[in-house]
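Presented below, as C-alpha coordinates, is a lone chain in the form predicted alone.
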Amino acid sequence: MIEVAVTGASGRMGSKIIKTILKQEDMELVAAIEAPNTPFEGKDVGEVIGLGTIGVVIASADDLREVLLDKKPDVLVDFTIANAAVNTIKITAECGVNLVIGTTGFSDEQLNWIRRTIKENKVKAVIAPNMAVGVNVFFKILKDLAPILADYDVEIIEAHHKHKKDAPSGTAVRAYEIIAHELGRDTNKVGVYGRKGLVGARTEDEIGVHAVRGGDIVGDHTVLFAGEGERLEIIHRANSRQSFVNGVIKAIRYIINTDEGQISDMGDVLGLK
(Lines give C-alpha, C1' and ligand atoms only; values in the text may rest on other atoms or scores of the structure.)
Protein backbone atom coordinates (compact mmCIF):
# COMPACT_ATOMS: atom_id res chain seq x y z
CA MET A 1 0.00 0.00 0.00
CA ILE A 2 1.37 3.44 -1.00
CA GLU A 3 0.73 5.95 1.79
CA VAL A 4 0.21 9.50 0.54
CA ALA A 5 0.07 13.01 2.02
CA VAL A 6 -1.51 15.88 0.08
CA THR A 7 -0.96 19.62 0.55
CA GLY A 8 -3.52 22.22 -0.48
CA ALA A 9 -6.03 19.58 0.54
CA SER A 10 -9.17 21.69 0.25
CA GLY A 11 -8.21 23.40 -3.01
CA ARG A 12 -9.37 22.69 -6.56
CA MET A 13 -6.51 20.32 -7.31
CA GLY A 14 -5.89 18.98 -3.82
CA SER A 15 -9.48 17.87 -3.32
CA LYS A 16 -9.58 16.08 -6.70
CA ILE A 17 -6.29 14.34 -5.95
CA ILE A 18 -7.62 13.14 -2.60
CA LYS A 19 -10.87 11.88 -4.11
CA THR A 20 -8.94 9.94 -6.73
CA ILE A 21 -6.42 8.50 -4.26
CA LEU A 22 -9.31 7.16 -2.19
CA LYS A 23 -10.52 5.19 -5.22
CA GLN A 24 -7.19 3.41 -5.72
CA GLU A 25 -6.78 -0.08 -4.30
CA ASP A 26 -3.04 0.36 -3.82
CA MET A 27 -3.07 3.82 -2.16
CA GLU A 28 -4.05 5.25 1.20
CA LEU A 29 -4.40 8.90 2.22
CA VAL A 30 -2.62 9.35 5.56
CA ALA A 31 -2.27 13.14 5.82
CA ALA A 32 -3.97 16.28 4.48
CA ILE A 33 -2.23 19.65 4.83
CA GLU A 34 -3.53 23.19 4.41
CA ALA A 35 -2.14 26.71 4.84
CA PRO A 36 -2.02 27.97 8.44
CA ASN A 37 -5.13 29.60 9.91
CA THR A 38 -7.60 28.29 7.34
CA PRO A 39 -11.14 27.57 8.58
CA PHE A 40 -10.66 23.89 7.67
CA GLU A 41 -7.83 23.18 10.09
CA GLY A 42 -8.73 20.39 12.48
CA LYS A 43 -11.68 19.21 10.39
CA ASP A 44 -11.99 15.86 8.66
CA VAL A 45 -10.84 16.38 5.07
CA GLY A 46 -13.55 14.08 3.77
CA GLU A 47 -16.25 16.30 5.25
CA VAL A 48 -14.59 19.42 3.84
CA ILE A 49 -14.49 18.07 0.26
CA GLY A 50 -17.92 16.49 0.36
CA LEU A 51 -17.14 12.82 0.97
CA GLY A 52 -18.19 12.47 4.59
CA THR A 53 -15.91 11.35 7.41
CA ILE A 54 -12.81 9.43 6.28
CA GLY A 55 -10.68 9.72 9.43
CA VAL A 56 -7.99 12.10 8.13
CA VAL A 57 -7.90 15.50 9.82
CA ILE A 58 -6.57 18.58 8.01
CA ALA A 59 -3.33 19.75 9.62
CA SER A 60 -1.66 23.15 9.39
CA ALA A 61 1.43 23.56 7.23
CA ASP A 62 3.06 24.95 10.39
CA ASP A 63 2.91 21.41 11.78
CA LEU A 64 4.11 19.69 8.59
CA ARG A 65 7.30 18.25 10.08
CA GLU A 66 5.45 16.71 13.04
CA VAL A 67 2.74 15.29 10.77
CA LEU A 68 5.24 13.68 8.40
CA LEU A 69 7.31 12.18 11.22
CA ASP A 70 4.12 10.80 12.79
CA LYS A 71 2.34 9.49 9.68
CA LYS A 72 5.46 8.51 7.69
CA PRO A 73 3.91 8.73 4.19
CA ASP A 74 5.75 7.29 1.21
CA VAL A 75 4.94 10.31 -0.97
CA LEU A 76 3.79 13.89 -0.51
CA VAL A 77 1.92 15.55 -3.38
CA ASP A 78 2.21 19.34 -3.66
CA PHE A 79 -0.04 21.47 -5.90
CA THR A 80 0.05 24.84 -4.12
CA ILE A 81 1.94 28.07 -4.83
CA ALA A 82 5.67 28.41 -5.40
CA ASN A 83 6.74 30.36 -2.31
CA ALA A 84 4.83 28.08 0.06
CA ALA A 85 5.92 24.94 -1.80
CA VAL A 86 9.63 25.73 -1.33
CA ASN A 87 9.33 25.40 2.45
CA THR A 88 7.09 22.33 2.10
CA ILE A 89 9.66 20.64 -0.14
CA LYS A 90 12.50 21.44 2.28
CA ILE A 91 10.71 19.93 5.28
CA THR A 92 9.41 16.94 3.31
CA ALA A 93 12.87 16.08 1.95
CA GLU A 94 14.45 16.44 5.40
CA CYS A 95 11.84 13.99 6.74
CA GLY A 96 12.85 11.45 4.09
CA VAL A 97 9.52 11.59 2.24
CA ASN A 98 9.39 11.41 -1.56
CA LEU A 99 7.77 14.20 -3.56
CA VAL A 100 5.39 14.62 -6.49
CA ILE A 101 5.47 18.33 -7.36
CA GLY A 102 2.96 19.89 -9.74
CA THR A 103 3.27 23.43 -8.38
CA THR A 104 4.28 26.02 -10.99
CA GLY A 105 5.77 29.51 -10.88
CA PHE A 106 9.16 28.60 -9.40
CA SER A 107 12.08 30.83 -10.32
CA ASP A 108 15.19 29.23 -11.82
CA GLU A 109 16.94 29.83 -8.49
CA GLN A 110 14.15 28.09 -6.58
CA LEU A 111 14.15 25.12 -8.96
CA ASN A 112 17.91 24.72 -8.64
CA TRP A 113 17.63 24.86 -4.85
CA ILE A 114 14.79 22.31 -4.89
CA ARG A 115 16.85 19.89 -6.97
CA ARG A 116 19.86 20.24 -4.65
CA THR A 117 17.67 19.70 -1.58
CA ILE A 118 16.13 16.53 -3.01
CA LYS A 119 19.50 15.07 -3.95
CA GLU A 120 21.18 16.02 -0.66
CA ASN A 121 18.41 14.32 1.33
CA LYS A 122 18.42 11.27 -0.99
CA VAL A 123 14.68 11.31 -1.58
CA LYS A 124 12.94 10.73 -4.91
CA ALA A 125 10.86 13.26 -6.82
CA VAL A 126 8.71 13.75 -9.88
CA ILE A 127 8.64 17.42 -10.85
CA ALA A 128 6.42 18.48 -13.76
CA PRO A 129 4.72 21.76 -14.70
CA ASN A 130 1.81 19.76 -16.10
CA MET A 131 1.03 16.15 -15.27
CA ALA A 132 -1.70 15.55 -17.85
CA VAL A 133 -0.79 12.63 -20.10
CA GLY A 134 -1.86 14.50 -23.23
CA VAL A 135 0.26 17.53 -22.40
CA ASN A 136 3.36 15.41 -22.08
CA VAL A 137 2.67 13.84 -25.45
CA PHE A 138 2.28 17.47 -26.65
CA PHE A 139 5.79 18.19 -25.31
CA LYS A 140 7.16 15.15 -27.14
CA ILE A 141 5.59 16.30 -30.41
CA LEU A 142 7.12 19.78 -29.99
CA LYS A 143 10.54 18.26 -29.34
CA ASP A 144 10.37 16.19 -32.51
CA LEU A 145 8.74 18.87 -34.66
CA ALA A 146 10.82 21.97 -33.82
CA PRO A 147 13.99 20.92 -35.72
CA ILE A 148 11.91 20.06 -38.79
CA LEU A 149 10.34 23.54 -38.80
CA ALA A 150 13.48 25.41 -37.74
CA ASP A 151 12.91 28.23 -40.23
CA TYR A 152 9.29 28.85 -39.15
CA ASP A 153 8.26 31.58 -36.71
CA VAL A 154 7.10 30.20 -33.35
CA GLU A 155 4.44 31.67 -31.08
CA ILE A 156 3.05 30.10 -27.88
CA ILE A 157 -0.40 31.08 -26.60
CA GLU A 158 -1.82 29.82 -23.31
CA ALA A 159 -5.20 30.47 -21.69
CA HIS A 160 -6.28 29.78 -18.10
CA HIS A 161 -9.01 30.69 -15.62
CA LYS A 162 -9.12 34.14 -14.04
CA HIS A 163 -7.83 32.86 -10.67
CA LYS A 164 -4.44 31.64 -11.93
CA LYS A 165 -1.72 33.73 -10.31
CA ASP A 166 1.40 33.01 -12.38
CA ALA A 167 1.97 33.87 -16.02
CA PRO A 168 2.97 32.49 -18.38
CA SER A 169 1.86 29.04 -17.26
CA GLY A 170 4.44 26.43 -16.33
CA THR A 171 3.30 24.41 -19.33
CA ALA A 172 3.90 27.33 -21.71
CA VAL A 173 7.31 27.92 -20.17
CA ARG A 174 8.21 24.26 -20.61
CA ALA A 175 7.03 24.31 -24.23
CA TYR A 176 9.19 27.39 -24.79
CA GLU A 177 12.23 25.73 -23.20
CA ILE A 178 11.83 22.57 -25.29
CA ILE A 179 11.52 24.47 -28.57
CA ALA A 180 14.38 26.88 -27.80
CA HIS A 181 16.65 23.98 -26.83
CA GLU A 182 15.86 21.99 -29.96
CA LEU A 183 16.55 25.07 -32.10
CA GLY A 184 19.79 25.89 -30.28
CA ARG A 185 18.52 29.23 -29.01
CA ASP A 186 19.30 30.90 -25.67
CA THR A 187 16.17 30.81 -23.49
CA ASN A 188 17.36 33.98 -21.72
CA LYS A 189 17.42 35.96 -24.95
CA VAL A 190 14.79 34.84 -27.48
CA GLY A 191 11.57 34.96 -25.44
CA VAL A 192 9.15 37.83 -26.16
CA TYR A 193 6.37 37.98 -23.60
CA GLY A 194 3.49 39.86 -25.17
CA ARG A 195 3.84 42.80 -27.52
CA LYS A 196 2.69 46.41 -27.34
CA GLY A 197 3.42 49.54 -29.34
CA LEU A 198 5.96 49.96 -32.11
CA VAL A 199 7.95 46.82 -31.41
CA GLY A 200 9.46 46.59 -34.87
CA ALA A 201 9.62 43.61 -37.17
CA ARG A 202 9.82 40.16 -35.67
CA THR A 203 13.40 38.88 -35.35
CA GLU A 204 14.38 35.55 -36.84
CA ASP A 205 15.11 33.86 -33.51
CA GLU A 206 12.42 35.22 -31.20
CA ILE A 207 9.72 33.00 -29.70
CA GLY A 208 6.55 34.77 -28.63
CA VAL A 209 4.80 33.72 -25.41
CA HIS A 210 1.34 35.07 -24.63
CA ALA A 211 -1.00 34.58 -21.65
CA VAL A 212 -4.80 34.85 -21.63
CA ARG A 213 -6.79 34.88 -18.37
CA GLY A 214 -10.54 34.62 -18.05
CA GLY A 215 -13.57 32.71 -16.86
CA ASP A 216 -13.11 29.08 -15.87
CA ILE A 217 -10.71 27.94 -18.61
CA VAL A 218 -8.94 24.88 -17.24
CA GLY A 219 -5.94 25.15 -19.53
CA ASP A 220 -5.42 25.66 -23.28
CA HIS A 221 -2.02 25.66 -24.97
CA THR A 222 -1.30 26.38 -28.63
CA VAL A 223 2.06 26.41 -30.37
CA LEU A 224 1.92 28.12 -33.73
CA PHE A 225 4.58 27.41 -36.36
CA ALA A 226 4.12 30.06 -39.07
CA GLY A 227 5.92 29.74 -42.39
CA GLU A 228 5.61 31.28 -45.83
CA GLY A 229 2.18 30.38 -47.18
CA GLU A 230 1.20 27.99 -44.37
CA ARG A 231 1.03 27.50 -40.64
CA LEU A 232 0.83 24.52 -38.34
CA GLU A 233 -0.82 24.64 -34.91
CA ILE A 234 -0.24 22.08 -32.16
CA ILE A 235 -3.01 22.38 -29.57
CA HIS A 236 -3.77 20.80 -26.22
CA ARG A 237 -6.96 21.62 -24.34
CA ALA A 238 -7.71 20.40 -20.83
CA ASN A 239 -11.46 20.09 -20.29
CA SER A 240 -11.17 18.93 -16.68
CA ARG A 241 -8.56 19.03 -13.92
CA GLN A 242 -9.04 15.29 -13.72
CA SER A 243 -6.59 15.02 -16.62
CA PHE A 244 -3.87 16.39 -14.32
CA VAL A 245 -4.95 14.17 -11.44
CA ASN A 246 -4.70 11.03 -13.58
CA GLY A 247 -1.08 11.92 -14.26
CA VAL A 248 -0.45 12.44 -10.54
CA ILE A 249 -1.65 8.91 -9.81
CA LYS A 250 0.77 7.55 -12.42
CA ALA A 251 3.59 9.63 -10.90
CA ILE A 252 2.88 8.31 -7.39
CA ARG A 253 3.13 4.72 -8.59
CA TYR A 254 6.23 5.42 -10.68
CA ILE A 255 8.25 7.13 -7.95
CA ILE A 256 8.15 4.14 -5.62
CA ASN A 257 10.42 2.16 -7.95
CA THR A 258 12.99 4.87 -8.72
CA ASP A 259 16.44 5.32 -7.14
CA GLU A 260 17.30 7.51 -4.16
CA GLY A 261 17.97 11.10 -5.18
CA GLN A 262 16.46 10.58 -8.63
CA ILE A 263 14.49 13.51 -10.03
CA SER A 264 12.09 12.53 -12.81
CA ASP A 265 9.51 14.28 -14.94
CA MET A 266 6.38 13.05 -16.69
CA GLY A 267 8.38 12.07 -19.74
CA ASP A 268 10.07 9.49 -17.53
CA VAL A 269 6.78 8.44 -15.93
CA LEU A 270 5.13 7.87 -19.31
CA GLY A 271 8.16 6.36 -21.07
CA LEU A 272 8.34 9.16 -23.63
CA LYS A 273 12.10 9.59 -23.54
Ligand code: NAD
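Remember, predicted model here, so these are calculated numbers, not experimental data. Counting begins at 1, following the sequence as shown.
What follows is about the form predicted together with nicotinamide-adenine-dinucleotide (NAD), which we do not show.
S.K.: Has each of 8, 84 and 103 got a heavy atom lying within 4.5 angstroms of nicotinamide-adenine-dinucleotide (NAD) in the predicted bound form?
M.R.: Yes, each of 8, 84 and 103 comes within 4.5 Å of nicotinamide-adenine-dinucleotide (NAD) in the predicted bound form.
S.K.: Tell me which of 176 to 184, 197 to 205, 108 to 116, 130 to 138 has residues with heavy atoms within 4.5 angstroms of nicotinamide-adenine-dinucleotide (NAD) in the predicted bound form?
M.R.: After filtering at 4.5 Å, what remains is 130 to 138.
S.K.: Using heavy atoms only and a 4.5 Å cut-off, determine which of 209, 61, 217, 49 is in contact with nicotinamide-adenine-dinucleotide (NAD) in the predicted bound form.
M.R.: Result of the distance check: 61.
S.K.: Taking heavy atoms and a 4.5 Å cut-off, does residue 30 contact nicotinamide-adenine-dinucleotide (NAD) in the predicted bound form?
M.R.: No.
S.K.: Check whether residue 238 has any heavy atom within 4.5 Å of a heavy atom of nicotinamide-adenine-dinucleotide (NAD) in the predicted bound form, and answer yes or no.
M.R.: Heavy-atom contact with nicotinamide-adenine-dinucleotide (NAD) at 4.5 Å: absent for residue 238.
S.K.: Any of the heavy atoms of residue 13 lying within 4.5 Å of nicotinamide-adenine-dinucleotide (NAD) in the predicted bound form?
M.R.: Yes, contact at 4.5 Å.
S.K.: Please check if residue 224 has a heavy atom lying within 4.5 Å of any heavy atom of nicotinamide-adenine-dinucleotide (NAD) in the predicted bound form.
M.R.: The answer is no: residue 224 has no heavy atom within 4.5 Å of nicotinamide-adenine-dinucleotide (NAD).
S.K.: Is any part of 65 to 94 within 4.5 angstroms of nicotinamide-adenine-dinucleotide (NAD) in the predicted bound form by a non-hydrogen atom, and which residues would that be?
M.R.: Sequence-ordered list: 79, 80, 81, 84, 88.
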